[in-house]
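Quick heads-up: the structure tokens below are two forms of one chain, split into structure 1 and structure 2.
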Structure 1
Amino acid sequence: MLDCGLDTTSVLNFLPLPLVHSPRLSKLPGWVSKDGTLNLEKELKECTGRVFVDSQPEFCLPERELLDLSTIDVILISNYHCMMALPYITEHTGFTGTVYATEPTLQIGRLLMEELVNFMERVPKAQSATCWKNKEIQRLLPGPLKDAVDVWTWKRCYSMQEVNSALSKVQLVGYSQKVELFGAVQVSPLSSGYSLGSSNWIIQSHHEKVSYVSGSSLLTTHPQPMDQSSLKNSDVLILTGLTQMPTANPDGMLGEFCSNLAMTIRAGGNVLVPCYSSGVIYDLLECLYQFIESANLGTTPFYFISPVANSSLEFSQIFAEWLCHNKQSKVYLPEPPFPHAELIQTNKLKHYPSIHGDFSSEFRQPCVVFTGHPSLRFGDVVHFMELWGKSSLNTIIFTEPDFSYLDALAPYQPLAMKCVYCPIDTRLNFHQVSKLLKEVQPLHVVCPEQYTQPPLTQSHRSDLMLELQPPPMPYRRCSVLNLPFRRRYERVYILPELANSLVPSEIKPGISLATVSAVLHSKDNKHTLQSVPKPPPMPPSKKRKRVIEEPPVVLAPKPLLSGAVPLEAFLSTLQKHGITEVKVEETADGHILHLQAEDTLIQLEEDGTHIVCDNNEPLRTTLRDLVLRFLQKL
């Protein structure tokens, strides 16, 4: 299984989970259908024309019906965002396989899961809405609830216990480490340049190579640069995780982010940045580190609020091996690789596990707050939305590309707060991808269907799709795709003893042949050939005659023959062996040799020789060997 990400956009259909009681949210009217026949006011609430489910938010899981999860041997994880569904896959499903991921992916993935669980468990909600999921009822609901797919498979968040159990199945791997799977294939993660420890995977046997390219970046941010050259010579390249913002330039967005931030602060407003607690935030902090002084923001407090804020900042400093060259060389000095260490030391950046506790007493405005969750449905960000939403002095800046900002803001409408959308998605865009594919030249490309046509909203932009020769093979949810290669060869090892006994003969210039008779041993998908053991010596037989009567024991077929027997040369060889009386008769296909003294016929043709010889076994074997001299054995 390649990755198991969680579709969290489903939570946009739910009401936010406030940390402190919100009178506004609790006063929202329940929903009743226009004709009054359908009353779901307990489960559904209405806010400025949109309907939201009042229940603990639920996630849309990867497909679990199509296959028996207990038959999955291995899961390869490409980055920490792509493992959020892991507990749903590995727990209570009979899964007994192994998950492979790099160390930063595991550690930061754990933090993100921990954060998610914490956000949910901090504000337990007794109610679990289920009525609206009924097919008949859902049909009658207003959009977008009406159009939500597979709602009956949506699940509430997992528990910490399930997270721990799922992560205990992870086996750590390093970049370019070769991991043997069942002796059949070798998998190896390569740096993908997108996030700390993010990887693309190579899956190869001795003769076939499949590359899995997911969430890669060619921009210079904090992670180690993408390893492109190792992707060369792929039979199949599976391409996914392209940028969700193909038209937004990350550098431009970063500039916009800074200028909007400075503008708001100068006007006395607060800035709210809903974000994940690892990833782009490191780059944002680094950018601010350089920007703060020049923009005269030295006294503005920056807050990072998350149950895992401290861990995330600390962990980022200890993965030097996984960082870009510039950051790596800092460690040699020795200095922390990220400048946020200095921001913390100089008290410019403060981090808190939540808005409760120390934060409430140290909190000063105007300020900048980084906090989750970017969906605005749970986490500390909900509190700041309620707190700052009413004032037009404040600004919310969206940097994560996963959620539509309009949908995210819907349950908070009407809002006075300014909204700035500068999504920063460093993953490959279509231009970069086509350049990359030209470089690595895979024989076939497999990609999601969406990449093969321009986005629905920009159907004229033919540059926003993959155009390749041969065309990429598209896949969609639940479709089964056969990868277009035929396996022809497998690796086998000839043991030294057997190898030494082989007798090669040159059949054409540069090509030699040797016939091999051997015993095949196959163990753990590894094959070896070894010499045929010599039969144990015959027990000394009392009657010699009996020995002759024993039929040949080992059924050892003779090699195939090739070539032709030249007449003249054959005749002179016969002569050397004392066979002189030969009458040669020409036929349509060759010659018939009549050995008169021996009363034996030899029929020589281009592609066959027939020896007719009665009652003279010694002669027959002599003739046989003479014929064989002229032929090649295979």
Structure 2
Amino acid sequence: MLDCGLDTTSVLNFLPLPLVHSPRLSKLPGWVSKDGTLNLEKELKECTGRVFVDSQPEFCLPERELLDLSTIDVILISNYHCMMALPYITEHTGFTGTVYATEPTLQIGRLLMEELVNFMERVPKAQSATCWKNKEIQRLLPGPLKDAVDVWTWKRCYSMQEVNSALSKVQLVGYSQKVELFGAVQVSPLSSGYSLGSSNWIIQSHHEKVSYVSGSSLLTTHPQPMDQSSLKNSDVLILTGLTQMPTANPDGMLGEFCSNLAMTIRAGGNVLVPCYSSGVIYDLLECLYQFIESANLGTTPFYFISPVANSSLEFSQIFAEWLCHNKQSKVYLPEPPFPHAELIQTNKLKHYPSIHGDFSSEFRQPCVVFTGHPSLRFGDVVHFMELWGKSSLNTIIFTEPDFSYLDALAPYQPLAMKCVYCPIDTRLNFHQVSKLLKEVQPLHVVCPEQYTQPPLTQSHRSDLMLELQPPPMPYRRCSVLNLPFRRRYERVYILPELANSLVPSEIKPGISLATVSAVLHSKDNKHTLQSVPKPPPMPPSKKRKRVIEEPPVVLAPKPLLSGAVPLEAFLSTLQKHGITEVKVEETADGHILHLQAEDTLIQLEEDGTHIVCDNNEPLRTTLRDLVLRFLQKL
């Protein structure tokens, strides 16, 4: 199984979880259908024309109907965003396999899961809404609830115990390390340049190679650069995880982020940045580090609030070997690879586990707050939305591309604070991926159907799709594809003593052949030729016999014949032996010679010669010997 991401967009259908009691949210009216036949006041609440579920937010899990997840042997993880559904799979499906991931992927994945669990458990909801999920009722609800897919499979968040149990099944791997799977294939991760420890995977047997490219970046940010050359000579390249923002240039967005932030602070307002606790935040802090002095923001406090803020900032400094070269070299100076270490030392950046405790006493405005969750449905961000949403001096800047910012803001409307959308998605865009595919030249490309046509909103933009020759093989949800593999060869090993006994004979200059009689031994998808065992001695028989019973003789194999019988030369040889009346007939596979006087047929074909001769053994033997003159014995 390649990756097991969690679809978190489902949480946009739920009301936010406030950290302190919110009079505004508690006063929202319940939803009743216009004709009054459906009354779901307890479960659904209405806010400025949109309907939300008033219950603990739930997540859309990976597909479980189509296949039995307990039959999966191995899960390969590309990056920490693509493993958030792991506990649902390892703990609830009977999965007994192994999960492979790099160390930063495991550790930062653990932080993100821990943060998610913490956000949910801090604000427990007593009731759980289930009636609205009934198919008959869901049909009658207003959109987007009406169109939500597979709502009956949505699940509440896992527990920390399940997270620990799931992550104990992860085996760590390093870039380019080859891991043998059941002797059938080898897998190895390559740097994908997208986030700390993010990987593309190569899956190969002795003769076939599949590359899985997901969440990759060619930009020079903090991770190790993408390894492109190892993707060459792929029979099939499975492509996914391209940028969700093909029209937004990350550098331009960073510039816009900084200028909007400075404008708000100068006007006396606060800036809220809903973000994940790892990843793009490192680049945002680095960008701000360079920008603060030039924009005279030296006195503005920056706060990073997350249950895992401290661990995240520290992890980024200790995973030196997973960083790009110039950050790696700083470790040996010794200097912290990321400038946020200096921001923390000089008290410009402060981090807190939550808004309770120290933060509330040290909090100064105007300030910049980085906090989660980007969906605005849970986490400390909900508190700041309630706190700052009523003032037009404040600004919220969205940098994560995973959620539609309009949907994220819907339960907070009407909202006075300014909203700026600067999605920073460093993953490959269509132009970069087309260039990459030209360089690595896979025989076949497999990708989601969406990549093969322009986006619905911009149907004229043919540059926002993949155009390849041959065209890529598209897949959609629940489709079953046959990958275009023709397994022609299998590698077989030969034992040294058996190899020793072979006698090659030259059939053409520089080409020798040897016949081999052996026993084929197959285990764990490895095939070995072994010597034929000698027959066991016969057990002594009860009847007394004077003759000692010999073991049965293993007959030497008949020599194999190779070569072709040339027609003209064979006819002249027949003439020399007094056979002159020969009628030659051409067939699809060769020739038939009819020896009329002798009433005999000789069929000469590419892979065999047949002599059909009635009751004339001496003639048959003579003809056989004449044919053998032209063939080589092995």
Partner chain sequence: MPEIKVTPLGAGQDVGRSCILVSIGGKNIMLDCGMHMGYNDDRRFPDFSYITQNGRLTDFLDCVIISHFHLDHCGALPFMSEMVGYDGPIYMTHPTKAICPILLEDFRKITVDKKGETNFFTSQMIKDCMKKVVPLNLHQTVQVDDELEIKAYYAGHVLGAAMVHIKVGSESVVYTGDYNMTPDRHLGAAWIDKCRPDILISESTYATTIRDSKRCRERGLSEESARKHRKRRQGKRVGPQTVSLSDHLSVQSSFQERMNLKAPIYFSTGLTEKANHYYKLFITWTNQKIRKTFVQRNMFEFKHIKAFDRSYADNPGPMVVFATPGMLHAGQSLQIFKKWAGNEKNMVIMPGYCVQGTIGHKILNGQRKLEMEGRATLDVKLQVEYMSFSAHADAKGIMQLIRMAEPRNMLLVHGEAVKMEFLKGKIEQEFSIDCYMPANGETATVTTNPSVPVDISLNLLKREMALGGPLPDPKKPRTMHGTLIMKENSLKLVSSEQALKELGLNEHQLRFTCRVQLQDPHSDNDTLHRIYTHLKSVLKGYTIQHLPDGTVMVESIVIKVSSSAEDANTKVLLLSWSYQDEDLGSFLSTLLKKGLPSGLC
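Residue numbering: structure 1 sequence, from 1. If you're wondering where the values come from, they're calculated on a predicted model, not measured in any experiment. The term rigid core refers to the maximal set of C-alpha atoms that superpose within 1.5 Å between the two forms.
Here the form predicted on its own appears as structure 2, and structure 1 shows the other form of the same chain. In the core-superposed comparison between structure 1 and structure 2, the C-alpha atom of residue 33 has shifted by less than 2 angstroms.
The Cα position of residue 23 differs by less than 2 Å between structure 1 and structure 2 after fitting on the rigid core. In this overlay on the rigid core, residue 48 has a C-alpha that sits less than 2 Å away from its partner position between structure 1 and structure 2.
Shown is the Cα shift of residue 572 between structure 1 and structure 2 after rigid core superposition, which amounts to 15.0 Å. Here residue 563 exhibits a Cα shift of 3.0 Å between structure 1 and structure 2, evaluated on the superposed rigid core.
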